[in-house]
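Structure 1 and structure 2 below are the same protein chain in two forms, each given by itself as structure tokens.
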Structure 1
Amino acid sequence: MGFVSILGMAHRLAQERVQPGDTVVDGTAGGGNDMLALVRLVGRSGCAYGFDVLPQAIARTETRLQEAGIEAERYRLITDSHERMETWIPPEKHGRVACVMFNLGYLPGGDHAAITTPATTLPALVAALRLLRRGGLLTVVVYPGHAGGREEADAVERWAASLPQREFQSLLYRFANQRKDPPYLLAVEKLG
């Protein structure tokens, strides 16, 4: 049968916590798969924000959502770097976001220069925790296999391990015997 995949586990954790009507954020919209899952979870009464630095990724996500029949008023796609997410999300939603997802690295088949790096990833993760409500979820899929990926994965893991235990629960989901630096998941819950 096999264990749930890394991306599957990120989605499963989100499914368990996100309700219709919630506000959610995809920090790395890319090809739009995570964004589509989030938009479906929050339903017609919710709102999903998606960020990517690449206009090509934003266009791909837009197409993915349109092809899935998602009405434009249910989401907002923003071409900007994710550490500025708080400037785009209305202040009344700060501290009320149910879930923020990150899927680090680069856009498959896209511009590899637009790769996530600790210099912007870490401030983006800090911003994401500020946006979350109590009980809210942060998921980060890290890719140690590409150039610079190991440094980023280590930096994210150190950051997650340093979060105060009274305020956050931090989880690693990783296959122990896969070869070639497979991706893994870091998840953080803001405690109530």
Structure 2
Amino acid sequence: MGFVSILGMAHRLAQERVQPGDTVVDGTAGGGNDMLALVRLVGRSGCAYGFDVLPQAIARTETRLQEAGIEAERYRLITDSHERMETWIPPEKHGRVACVMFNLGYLPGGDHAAITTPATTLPALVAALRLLRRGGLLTVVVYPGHAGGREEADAVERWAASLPQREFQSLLYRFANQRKDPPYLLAVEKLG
């Protein structure tokens, strides 16, 4: 039996904090893996929002949710940058979101030149913290192994390390002996 994978750990942490009826956000919908996990966690009474700037990522996520039998009224998919998530989520849900998840980098099987960058990712992470409730969770799977990935990874890591200790806990989960810049997880808990 091996260690929990990077994505598996992100999902495990979300599972520990998200309850039926909660509001959750997938900041980078991509192929829909995180969105599907989040929609299942919040159940029929919850609400999940998914963001991606790429229409094909939104379409992939929509297809994945439909194939899993998830009713359309249980989620909202938005073709827009994750840095603008606060404008799409109703004000009454601000400060009440249970979990926000990100998978940085590029859309698997898509254009590798269309990547997340610190210019939008860092404002999105700040927005995510404002949306979270006390005890809420932010997960960021970082992919440093592609062009531009290392710069974004370093920026996100510096950001997480700079968060005030009295307000947040930051966790770094990575495999130390893998080659070729493997992905890793940064998780932030909003203390309450």
Ligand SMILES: C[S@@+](CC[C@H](N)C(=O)[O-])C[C@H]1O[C@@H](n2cnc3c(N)ncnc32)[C@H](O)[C@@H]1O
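We call the rigid core whatever largest set of C-alpha positions still superposes within 1.5 Å between the two forms. Every residue number counts along structure 1's sequence, beginning with 1. Everything quoted here is computed from the prediction, not taken from an experiment. Shifts are known only where both forms have a C-alpha.
Asker: Eyeball the pair and call it: which is the form predicted alone?
Answerer: Between the two, the form predicted alone is shown as structure 2, not structure 1.
Asker: 2 Å or more on the CA of E71 between structure 1 and structure 2, with the rigid core superposed, yes or no?
Answerer: False for E71: its C-alpha shift is below 2 Å.
Asker: Would D80 count as moving between structure 1 and structure 2, using a Cα shift of 2 angstroms or more after superposing the core as the test?
Answerer: D80 C-alpha, core-superposed: shift of less than 2 Å.
Asker: Give me the C-alpha shift of A113 between structure 1 and structure 2, core superposed, in Å.
Answerer: Once the two forms are fitted on their core, the shift reads 3.1 Å.
Asker: Run through the residues found in both forms and list the stretches of 3 or more in a row whose CA moves by 2 Å or more between structure 1 and structure 2, fitted on the rigid core.
Answerer: After core superposition, the one displaced run is 111-114.
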